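Coming up is one lone chain in structure tokens, specifically the form predicted alone.
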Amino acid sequence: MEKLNILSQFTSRFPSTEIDGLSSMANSARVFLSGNDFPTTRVERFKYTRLTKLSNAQFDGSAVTSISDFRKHQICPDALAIFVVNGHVYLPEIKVPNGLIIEDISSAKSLPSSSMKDVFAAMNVLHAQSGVSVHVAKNTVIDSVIEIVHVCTGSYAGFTRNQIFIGENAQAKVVMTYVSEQTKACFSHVHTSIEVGKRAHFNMEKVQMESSDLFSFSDEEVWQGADSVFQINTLTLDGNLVRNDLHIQVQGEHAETHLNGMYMLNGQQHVANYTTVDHQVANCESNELYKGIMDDKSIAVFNGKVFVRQDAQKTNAFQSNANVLISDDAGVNSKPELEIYADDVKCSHGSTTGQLDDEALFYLRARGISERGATQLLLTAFMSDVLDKITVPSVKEKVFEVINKRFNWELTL
């Protein structure tokens, strides 16, 4: 009963949602919460993540009223920018192209039903206060980047719900930027549902640059139609406790799915990436590549699962997680998984964790490169195949800028 009281006390801090589109899921969310406790390490999905500090944190709900212009956090200067600041939505100030609708989530006529993966996903259904709906009509190509900037300040705590719909034969790119400013103890949970129609192409760059005072949870749920291409690059550059949950349902034949991730940690940061790719039909391909660099006492968690259902014959699914520890006190918990119920597939998974190659360091230093320069060169080479997946130039520039500032490096594009 004590742990259940912890969950009840935690949820009682948040007002009920006023988003009409979530009402159809509310009862399922309540039932799920009633049968679960606040997560501990005995729960498989949180086996390597301790949430005691989160359950004990005091969020007074205050926001910094004197916040400087939040628009400075925009990464892409020419993007169609939407800002979600402490739960308040600021829509683009310029006219959007034909075939594109951007509105507050409360205006959305319906929202797709999401799975209750954990208590936080259920709480989002019951307590989401705001969010953004992006709708790209069929046969529409959006040339401009769409950037959604999530900003937390003060001691804000809350849930956000986003919806992205990409119609048949449509194409679009979205940058999801996560930042914080003048924070104390903060908590943010952002759920984004993404529907990718037949023959549609959708790319998302997810850039996380939040402070050491923030508990940041984000959850993307994706449905892919036939012949569609979906790619997401999750770039975790800063934060205290960061958790990314990504669930892809491949529902149409000949679809392509590409999941890439990069995390660079120091101090006592904790970053967890949980991914699920569910191949439900035949003739599809998924590629998953996550790489991390850990310094000081930081901890990374990777749990990737690929399902290949019985009807998903001729599936190609590849998964890889590689990590470099540059401190004896850093750690990684990596668990790639395959569940295959079809017999005509090509699937593989792998995980490696190690330190920098002493021979390679010696080779570079013997040619006049300093130890610091040699280390940076090897780490850049290690991360290069993930960095090359970034499709928006200004995002790549920002990644290098943040890394150089945090680690006092001099990396170049």
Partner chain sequence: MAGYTENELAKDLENQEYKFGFVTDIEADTVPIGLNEGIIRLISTKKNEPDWLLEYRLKAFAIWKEMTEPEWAHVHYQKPDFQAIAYYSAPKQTKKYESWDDVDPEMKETMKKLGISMEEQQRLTGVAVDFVMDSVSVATSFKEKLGELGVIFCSFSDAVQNHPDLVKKYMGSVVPMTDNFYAALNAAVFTDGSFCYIPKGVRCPMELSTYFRINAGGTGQFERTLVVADEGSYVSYLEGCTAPQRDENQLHAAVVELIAMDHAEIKYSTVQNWYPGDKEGKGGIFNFVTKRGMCESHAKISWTQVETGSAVTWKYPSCILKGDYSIGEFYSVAVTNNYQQADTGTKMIHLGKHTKSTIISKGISAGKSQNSYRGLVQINKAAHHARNFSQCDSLLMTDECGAHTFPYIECKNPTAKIEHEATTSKIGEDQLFYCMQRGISEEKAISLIVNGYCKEVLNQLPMEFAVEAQKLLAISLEGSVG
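Numbering follows the first chain given and starts at 1. The structure presented is a predicted model; accordingly, all values stated were derived computationally and were not measured.
Below, we refer to the form predicted together with the partner chain, which is not included among the displayed structures.
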| property | result |
| --- | --- |
| Location of the partner chain contact in the model of the complex, chosen stretch of 323-331, 169-177, 131-139, 244-252 [non-hydrogen atom, 4.5 Å] | 323-331 |
| Of Ser55, Gln376, Ser351, Thr40, the one that lies within 4.5 Å of the partner chain in the model of the complex (heavy atoms) | Ser351 |
| Contacting member of Leu289, Val96, Leu338, Leu126, with respect to the partner chain in the model of the complex [4.5 Å, heavy atom] | Leu338 |
| Contact flag, Arg50 vs the partner chain in the model of the complex, heavy atom cut 4.5 Å | no |
| Touches the partner chain in the model of the complex: Gln355 (any heavy atom, 4.5 Å) | yes |
| Exercise: Ser211 in contact with the partner chain in the model of the complex, heavy atom 4.5 Å | no |
| Ile102 within 4.5 Å of the partner chain in the model of the complex, heavy atoms | no |
| Partner contacts for 269-284, taking the partner chain in the model of the complex and a 4.5 Å heavy atom cut-off | none |
